[in-house]
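Shown below, as C-alpha cells, is a lone chain in the form predicted alone; questions about how it binds or moves come after it.
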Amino acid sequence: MHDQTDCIVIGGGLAGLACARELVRRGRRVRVLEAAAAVGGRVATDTVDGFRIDRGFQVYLDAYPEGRRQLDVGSLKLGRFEPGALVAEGRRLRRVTDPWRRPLAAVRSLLEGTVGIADALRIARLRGEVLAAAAAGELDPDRPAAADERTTRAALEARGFSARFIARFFEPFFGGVFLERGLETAEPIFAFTFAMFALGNACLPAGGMAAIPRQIAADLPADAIEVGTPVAAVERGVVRLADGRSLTGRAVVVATDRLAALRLLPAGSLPGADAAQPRGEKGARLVAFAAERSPIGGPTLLVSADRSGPIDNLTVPSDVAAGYAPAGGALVAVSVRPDWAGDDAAAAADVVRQARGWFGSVVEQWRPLATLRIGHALPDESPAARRLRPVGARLADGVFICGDHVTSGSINGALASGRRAAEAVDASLTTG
C-alpha cells in the first residue's frame, strides 16, 4: 500500500483522523504520520494511579452537528453534565441553570439574586435568536470572518447585559470554554457555542476523551497509522521525515496545529505567517487530584468568578462518566485561570487553599495526581485572528491543510475541517 499512497496525512489528531477516514471511505489509500506515541493530538487522556485525566478542560457537546455526522455517539457511553453551572464568588456557590430544562432551579437563581430579571429576559431573547439561527442553518462558525465581526464582550454589552452578570456568569463560564477571560472570542463562535449548550448537553465519554479519536482510528486499515514518526518538512507530493527518509504521495494533508504547520510548510504558505500578523494559540493548565468523595456530589460544572486564586473551573469527571476513577475514589479536575501567574510547583497548594473556602477542610485531604500544561490548547478566535484563516483546504497543488485553526476551535471544527480537506483531496485526485 505504502508505495502507491494517494494521500499522506501529517498529524493523527481529530482533524487528521477524520480526513483519513473520509478518504478511506472514498476508496483512497492513506498513510497517517503521527509524531507522538499515540493518536488523538490534544484530545488525549492520561492514566495516573488508576485515574483517567483528560489533558485540559475538555467536554464533548452532543449537539455538535459534525459529531452527529461522524461519530457513533452511542458507543461512547456519554455521561452528561447538569445544564448550567455553579458559580463560585467569595465563599458562596450560586447556581445558574437552564430555565427551559430546570425551571425550579432557575426560579431559585432569580430569588437568590444570581440572575436579575432584566438579564434573565436578555438570556431568553438571546437563546431564542441563536436557536432560530441554528434551525435556519445560519450558525456556521467556520464561515469566512466578516470585516465587522464583534467580540463576544462587545456583543453582550450591545445586548444590554449588565456588567455584573457578564462578570459573574459569562466571564467564568465562557471564559473557561474559550480559555480567555477577556471574552475577545468572535461573536459567531460564541453564538454557535451558546446554541450547542442550549440544544444539548456537555458530556464526557466513559473512560476519557481519548475514546473519541480511538473510535475514528479504529475505522482505518491496521497499517494506515504510523506513530512515533515526526516530520521535518513538506513539499508537493513529498514528506521529509525527521530521520532523513522521504515519503511520496499524490497529495499531502498537514493536519497539525498552526505553529507546527508553519514549521513544516514552505514560507508564505499560510496567511498570517509573518511576524506582523501572527495568529496565536491559547494554552491551558490543569491540576488533577484524587479525593475520597466528590466535593460537588453531582455532574455539575463549577466556574469561579472569584479572582483571589488560580481556579478557573472545577469538575469531578467521575461524577459524570464511568471509568474516570477507581472504585471508592473521585477525580477532581481543576483548570487554572489563564491569567494566573503562579508556577506549577505551587498550583496544587494554591488550588486547595481557594477550594477550602467553598468546600471546607475536607479539600486538604485531596492528593495531587498531576499538573498538566497544554501549550496549544485552542487557536486564537478573536475577530482579527479569524480573518487570517486559510480560505479552503487547498494551499497549493497537492498540498492541503486541516485542523481547528482552519475552521473553529472545537471538536466540531476539527472534525468538519478534516472532512472538508478529504473532500478537496478526493476531488483533486479525481480531476488530476
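Residue numbers here begin at 1 and follow the sequence given. Quantities reported herein were computed from a predicted structural model and do not represent experimental measurements.
Although not depicted, the form predicted in complex with a small molecule is the subject of the following passage.
- The contact residue chosen from 200, 237, 326, 230 relative to the small molecule in the model of the complex is 230, the criterion being a non-hydrogen atom within 4.5 angstroms.
- A single residue from the set 370, 396, 35, 384 has any heavy atom within 4.5 angstroms of the small molecule in the model of the complex; that residue is 35.
- Annotated contact segment (heavy atom within 4.5 Å of the small molecule in the model of the complex): 252-260, selected among 214-222, 356-364, 138-146, 252-260.
- The three marked residues, 11, 59 and 403, each reach the small molecule in the model of the complex, with a heavy atom inside 4.5 Å.
- Within this chain, residue 43 lines the site of the small molecule in the model of the complex, having a heavy atom no more than 4.5 Å away.
- Residue contact check for residue 28: none of its heavy atoms lie within 4.5 Å of the small molecule in the model of the complex.
- Heavy atoms of residue 19 never reach within 4.5 Å of the small molecule in the model of the complex, leaving it off the interface.
- Of the heavy atoms in residue 414, some are within 4.5 Å of the small molecule in the model of the complex.
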